[in-house]
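Coming up is one lone chain in structure tokens, specifically the form predicted on its own.
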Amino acid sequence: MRCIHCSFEAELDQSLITCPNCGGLLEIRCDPKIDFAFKSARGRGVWRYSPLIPGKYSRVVSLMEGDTPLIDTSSFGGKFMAKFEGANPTGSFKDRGMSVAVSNALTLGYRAVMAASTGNTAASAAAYAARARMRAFIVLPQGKIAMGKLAQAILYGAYVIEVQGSFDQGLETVMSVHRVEDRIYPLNSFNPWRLEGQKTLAFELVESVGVPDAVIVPVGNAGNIYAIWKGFMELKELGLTDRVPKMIGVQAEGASPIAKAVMKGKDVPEFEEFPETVASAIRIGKPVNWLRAMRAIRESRGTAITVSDHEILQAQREMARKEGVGVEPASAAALAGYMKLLESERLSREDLTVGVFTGNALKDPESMMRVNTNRFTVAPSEVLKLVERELS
């Protein structure tokens, strides 16, 4: 384990979450002596790759997450494939990391977990805590959470704490509680164990199609793009692949500190105090994993771009109506980004590109209701006439 801020190093220690020297973020290094081959892997989903998931676990807390569909799309030109993370048990990519992090918390003897959330983390943390018979405390920005996600957290029995402020303030609260309350295990992505589960998406892609030319990831708190890159890097270090794809981050224009920094060639983002976008899952102005994400983008020779709310909603509609895949607005940012990259010729139609569609459309029913629709109210006797008129 190594701190990415002060270079503190330690042997693998499952009790470590942040650097004991400076409080910075820790990175878990892959053991180059690991004996792993895809052909000998057993089972499905995240824990199929258990030799590549560090640590020992008294019990694996799983809802059979991972092994999500990789859908070949033809409507958008080029070699574009959709990795549909909305097929995970609670409907988002968060389940991959939550399985590992909650398993770790249970192994360490914790009985309560805590997370700040824009919605998907809340749903996932609450579900996996329930599975582990733990209490979950969820901190949410009041009035800023999509109804589908809030309803999930309530259904799974979490303690829902709404704060008057942003997600970033909620995350700071969770981190401060973690520093003084040793009975609470934090589940946000500053916890490196969560990212060990999320990296398995890269393993699934390699098993399915090999190493893509590019992987496009919506970026909020920025842990996922780093985790996926980390998965590809580990396979390369183990000699199982010979390259890493370009990692491309997409942020909404109203919440885009990382993308703006990358586009301007800056090393440090200018954080945003009041981020705003229709894509609530990525409405984050101070991503805790910004340094990890920018490293993944830089070292993979990738890039980052912004897309407008209009482009996001248009992509959400087109993904549903052209391919039959329903995704939440933050997920649709991946398609919006792909189309923009094709238009600017920063990606070629010949590049095998995978878009990571992070969450299911049912997460945010309000956004679906904003889409233009063919909706009618008629008497039963008028239905045939309406159908015949529309078919003519």
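No experiment lies behind these values; they were computed from the predicted model shown. By rigid core we mean the largest C-alpha set that fits within 1.5 Å across both forms. Quick note: we count residues from 1 along the sequence shown, nothing fancier.
What follows is about the form predicted together with another copy of the chain, which we do not show.
Colleague: Of these, Arg133, Arg301, Arg243, His310, which has a heavy atom no more than 4.5 Å from another copy of the chain in the predicted complex?
Modeller: Among Arg133, Arg301, Arg243, His310, a heavy atom within 4.5 Å of another copy of the chain in the predicted complex occurs only for Arg133.
Colleague: Please tell me which of Arg321, Lys236, Arg295, Lys266 lies within 4.5 Å of another copy of the chain in the predicted complex, judged by heavy atoms.
Modeller: Result of the distance check: Arg321.
Colleague: Using a 4.5 Å heavy atom cut-off, are Arg44, Gly148 and Gly326 all in contact with another copy of the chain in the predicted complex?
Modeller: Affirmative, all three are within 4.5 Å.
Colleague: Spell out, yes or no, whether the shortest heavy atom distance between Tyr156 and another copy of the chain in the predicted complex is within 4.5 Å.
Modeller: Answer yes; at least one heavy atom of Tyr156 falls within 4.5 Å of another copy of the chain in the predicted complex.
Colleague: Heavy atoms within 4.5 Å of another copy of the chain in the predicted complex: does Pro89 have any?
Modeller: Yes - in the predicted complex, heavy atoms of Pro89 and another copy of the chain come within 4.5 Å of each other.
Colleague: When the contact criterion is heavy atoms within 4.5 Å, does Glu181 count as touching another copy of the chain in the predicted complex?
Modeller: Looking in the predicted complex, residue contacts with another copy of the chain include Glu181, since a heavy atom lies within 4.5 Å.
Colleague: Is Glu273 close to another copy of the chain in the predicted complex, meaning a heavy atom pair under 4.5 Å apart or at it?
Modeller: Taking the distances in the predicted complex, the answer for Glu273 is no, it never comes within 4.5 Å of another copy of the chain.
Colleague: Please name which of the stretches 337-345, 22-30, 35-43, 59-67 has residues with heavy atoms lying within 4.5 Å of another copy of the chain in the predicted complex.
Modeller: Answer to the contact question: 59-67.
Colleague: Rigid core fitted, then: does Ser381 show a CA shift of 2 angstroms or greater between this form and the one not shown?
Modeller: It does shift by 2 Å or more.
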